[in-house]
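The form predicted on its own is given below as one chain in structure tokens.
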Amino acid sequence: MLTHPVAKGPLPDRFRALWDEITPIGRDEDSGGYLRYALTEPELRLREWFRQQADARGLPVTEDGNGNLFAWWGHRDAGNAVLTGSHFDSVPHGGAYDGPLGIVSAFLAIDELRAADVTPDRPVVVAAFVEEEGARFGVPCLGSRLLTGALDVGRAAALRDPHGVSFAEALGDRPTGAVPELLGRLGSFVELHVEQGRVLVDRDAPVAVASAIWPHGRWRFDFTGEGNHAGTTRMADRRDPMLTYAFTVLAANKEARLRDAHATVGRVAVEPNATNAIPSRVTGWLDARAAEPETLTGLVEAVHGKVTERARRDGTVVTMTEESVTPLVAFDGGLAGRLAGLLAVPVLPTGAGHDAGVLAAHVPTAMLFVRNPTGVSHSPAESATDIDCAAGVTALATVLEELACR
């Protein structure tokens, strides 16, 4: 067993060496993307890798009962701890960097501080949050929502994946829910993440600090009609929910463009899902985001109103269910400004959701972004150079020292 590794060699090389340990895990050979769903075999392997890395550095690991892991550098009861880290899980066929970059960078940042003989006055904690993407159980930031009490424990326990497995079953027990004693020990949270856009490419900067996360949410639309034969049912006699669904996709696109907002329908389920059958039921999920809360509300209300009217004309029935909504998150202005000045980097908002957006309601929170040359995320095309990732590690180490030693 290694103990307290000492940083040796160029940081980009050390980043690559550690990064290569996890890149094969959960990678789909056909798409090049990742299938790292929460609490499935690939993600469980990554969680074991997390424990091994923590053990190699002499960092005790604790769990909060909700599936979240925490590796502690410093005494757990000291208080005012500086939390960092991210998540391992991915969207279907997602990119390599979304999530794991924050965890790998956190361990390397601790290595950097130790190599510089830095001893923090407050604990530094590396987190691996469970089910951040919501790709398996449908609710994003599930682990951080449970930790902070933002999500009902009973609802979370009953969430089921497409195979009918509940979150409680996958976890091996009913989730604990809010853990105020753990939250009470945290003084701040800094999450490092690959940029999910190309602002840093345009600004020719490797690292940035986040100012805010747009309000965003997910809504499920259930369309029901009459299943029937594709060859014998006259067009005039059809009650086809697929038509109402198709209208919904177009309406969401139009309303989002009118408001300079974002709307995406990227997931659909059809019953009976047969080529020669008119569907009896179609379910589609709307992801909507906007810079302002009232814009988001107006977008969703407009789509719902138009779809309801269209369903009446199609002879179908539509119901809309709010699955998750995250309000506008303006990160602690003093902290963000302090870190931007410390690092001399740009400050920018993001339309992507993160565990940092959930924690921000409870502790001073900031985010660091690392440049993504393609600007593409949630896709195998997502990338970052080793040099930029090393710059991110250096920035994170500087931030951790600032927050934990001063």
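Quick note: we count residues from 1 along the sequence shown, nothing fancier. Bear in mind the structure is a predicted one, so any value in this text is a computation, not a measurement.
Same protein, other form: the form predicted together with a further copy of the same chain, not shown, and the subject of what follows.
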### Message
Quick check on residue 230: any heavy atom within 4.5 Å of a further copy of the same chain in the predicted bound form?
### Response
yes
### Task
Answer with yes or no whether residue 202 is in contact with a further copy of the same chain in the predicted bound form, where contact means some heavy atom within 4.5 Å.
yes
### Query
Does residue 335 reach a further copy of the same chain in the predicted bound form, with heavy atoms at most 4.5 Å apart?
no
### Task
May I ask you to state whether residue 85 is within 4.5 Å of a further copy of the same chain in the predicted bound form, using heavy atom distances?
no
### Query
Of 121, 237, 152, 322, which one comes within 4.5 Å of a further copy of the same chain in the predicted bound form, counting heavy atoms only?
237
## Note on the structure
a further copy of the same chain in the predicted bound form has a heavy atom of only one listed residue within 4.5 Å, and of 264, 297, 308, 80 that residue is 264
## Note on the structure
Note: a further copy of the same chain not shown here; in the predicted bound form, the stretch from 68 to 76, 256 to 264, 175 to 183, 158 to 166 having heavy atoms within 4.5 Å of it is 256 to 264
#### Entry: in the predicted bound form, residues of 375 to 392 near a further copy of the same chain [heavy atom within 4.5 Å]
375, 376, 377, 378, 379
